[in-house]
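Quick setup: one chain, the form predicted on its own, written in structure tokens, and binding and motion questions come after.
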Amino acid sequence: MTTLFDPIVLGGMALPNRIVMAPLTRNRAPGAVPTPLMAQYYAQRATAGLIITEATAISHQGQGYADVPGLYGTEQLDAWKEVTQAVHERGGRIVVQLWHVGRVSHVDLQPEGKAPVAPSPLTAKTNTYLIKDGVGSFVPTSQPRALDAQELPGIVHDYRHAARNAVTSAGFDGVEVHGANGYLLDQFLKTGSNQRDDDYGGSIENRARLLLEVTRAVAEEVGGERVGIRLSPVTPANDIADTAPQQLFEYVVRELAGLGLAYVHIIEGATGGPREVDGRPFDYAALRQAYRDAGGQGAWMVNNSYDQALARQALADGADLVAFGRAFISNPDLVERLRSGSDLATLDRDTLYGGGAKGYTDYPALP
């Protein structure tokens, strides 16, 4: 029987285990530039089979929270290179999550204080995170404007350019397209946020068009074997919903099957919340089968509140990789703790967002 500690080949990477560090926003990159503290943080967790970085903005327009990193400036890329080198020196593997938040932003974070962009001018009933005078706080998102269809090739180009920068300049082993959690690509996918009547709205095929164009462009740029994608069929995160998610996401994964991706990363249920969302039933086994039936060969990664028992069952049921999120924050040596059956350290929730080393790089490993 496959275990968490068995190796696996993922695209062009040989992973020593199937434990993945999930993306975790920590708001510790002032000016969107990674810091030496971030290099230490990720290097501490290099025993993960794979590290997926915190979501990283592909452009200034794509930023939605204070002090999150970017991939669009030379200073950012040079700083990320220090991070990837630190992880590689510890024998780790690291990919960066490519992010455009769409409407989940605030005018204070946008270029020239302009409105955030979205498929339709519908404000997300959610909050973003601002830092003023050194103090962080959650505030409501701003009213977005609808993207013109003529702007969408530019968005695709931003993803393509960020992917190339990540691999060739910053030294990442690959990239993950963030198509989940109510951000821009997910906003185009779902009926609750997409009310367009052009080629990017209405039918499932039209609503999936931008996500597929982006993923295809990124795969063409850096090679499908270096690309993963994250999807969240039923999460309510950031005020997102769809009237027929099973039909929508089975179409999406069938279309992704031919791109030669390294992996498909699925959030089961509500991100960081219940695995079964009230009123939103979903058959994840059928989703995986739709991908396989369409010829998809990429690894199947599952995510959301997994412990070792649930992970063992997921692997038995056909998953290839299991992503762990907040457990990696307080347990830099999570792989060894799981292997030895040791207790997990407790998470300090007060230090999740913003700040310095406290609650970031000061969690001790086992003796």
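Note that the coordinates shown come from a computational prediction; the quantities given were computed from them, not determined experimentally. One-based numbering along the sequence shown.
There is another form of the same protein, the form predicted in complex with a small molecule; it is not shown, and what comes next is about it.
Contact of T25 with the small molecule in the model of the complex (heavy atom, 4.5 Å): Flag for T25 set to yes.
Does the small molecule come within 4.5 Å of any heavy atom of G272 in the model of the complex? Result yes; G272 sits at the interface with the small molecule in the model of the complex.
L352 versus the small molecule, in the model of the complex: is there a non-hydrogen atom within 4.5 Å? Although the small molecule is absent here, L352 would touch it in the model of the complex, with heavy atoms inside 4.5 Å.
Contact flag, S305 vs the small molecule in the model of the complex, heavy atom cut 4.5 Å: Because a heavy atom of S305 falls inside 4.5 Å of the small molecule in the model of the complex, the answer is yes.
Given the small molecule in the model of the complex, answer whether the residues E54, N181 and I329 all have a heavy atom inside 4.5 Å of it. Yes, all three are in contact.
Want to guess which of 43-51, 336-344, 317-325, 29-37 is within 4.5 Å of the small molecule in the model of the complex, heavy atoms only? Flagged stretch: 317-325.
Answer with one of H100, R226, R230, R103: the residue that has a non-hydrogen atom within 4.5 Å of the small molecule in the model of the complex. Only one listed residue qualifies here, and that residue is R230.
Candidate from A162, I155, L261, I267 lying within 4.5 Å of the small molecule in the model of the complex - any heavy atom: By the 4.5 Å criterion, the partner-contacting residue is I267.
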